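The chain below stands alone, shown as structure tokens; this is the form predicted alone.
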């Protein structure tokens, strides 16, 4: 049971990390929490499911299809909504993204219905590693999280776009003065963050199996708890905080009961805000 709890915790934490890092970089640029972030996770899952069920595509082809669909939707939301939040009060961002969340949820329900859908795809064959039996999909999730975070660190510190993101996150007014196209940076960052959330949904779908229109809400709540725990705007801290939350949930579900699992994120959030308001890894600067 202990081994299973650790494996499940690391897997769940990797899923949360892929979603949370997108919210983290969006906050770093806009200073606004994207409360529609879980809906892009949901859109990625439904995009892959639609490709498999309607277009009869193999799972590996449905992954880029779902990411392209979500990137296009995120681009539209970025242009219509997120670009207008530049220099706006924090509260405006909350209201706007909550509105986007409700719109996306109800559009999915109108198109696909409110009933649960079964995801038929992925690599679920068991693989034995050091005496531990794991499905191929769970291994893929963990490896993908590590690779994505490594690439993000390289992008943020080594590429022109990454340095521009860091500059905008530190001083928007100074960026405007030196000619940085802030709206383009904001939209690009938003599309990147939402696409990462969609990737998490596509990779997780074969493990969770069931899909429904409101599945993004719980992910948004847990993601918010993670970025607060990791230190808001701290990319590497997000990964460790996600693993910590995943392990905590897994141990609670294994030893206390599954019904207590969803309370872990709220409890952890309250404890961290009480004892360490800056987060567990708040010593590092943003990005």
Partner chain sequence: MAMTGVNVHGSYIYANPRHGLRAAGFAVLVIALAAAPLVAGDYQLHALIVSMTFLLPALGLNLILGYAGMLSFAQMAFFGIGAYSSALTAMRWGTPFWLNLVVGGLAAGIVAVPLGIPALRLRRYSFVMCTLGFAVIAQTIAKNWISVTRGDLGLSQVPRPRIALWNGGFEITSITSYYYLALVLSVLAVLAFLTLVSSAAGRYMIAIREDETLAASVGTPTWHYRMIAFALSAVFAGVGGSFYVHYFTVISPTVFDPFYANTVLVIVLGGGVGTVGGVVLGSFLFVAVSEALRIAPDLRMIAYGLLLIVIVFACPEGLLPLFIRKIRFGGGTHVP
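Numbering follows the first chain given and starts at 1. This one's a predicted model, so the numbers in the text were calculated from it and none came from an experiment.
The next section is about a form of this same protein that is not shown, the form predicted together with its partner chain.
- Listed residues 146, 140, 71, 102 were compared with its partner chain in the predicted bound form; 102 is the one with a heavy atom within 4.5 Å.
- When its partner chain is considered in the predicted bound form, only one residue from 186, 152, 199, 85 comes within 4.5 Å through any heavy atom, namely 85.
- By the criterion of a heavy atom within 4.5 Å, residue 75 is excluded from the residues contacting its partner chain in the predicted bound form.
- Taking the partner from elsewhere, residue 192 is found to have every heavy atom lying beyond 4.5 Å of its partner chain in the predicted bound form.
- Under a 4.5 angstroms non-hydrogen atom cutoff, its partner chain in the predicted bound form has residue 228 among its neighbouring residues.
- Within this chain, residue 33 lines the site of its partner chain in the predicted bound form, having a heavy atom no more than 4.5 Å away.
- Taking a 4.5 Å heavy atom cutoff to its partner chain in the predicted bound form, the contacting residues in 85 to 113 are 85, 87, 88, 89, 90, 91, 92, 94, 95, 96, 98, 99, 100, 102, 103, 106, 107, 110.
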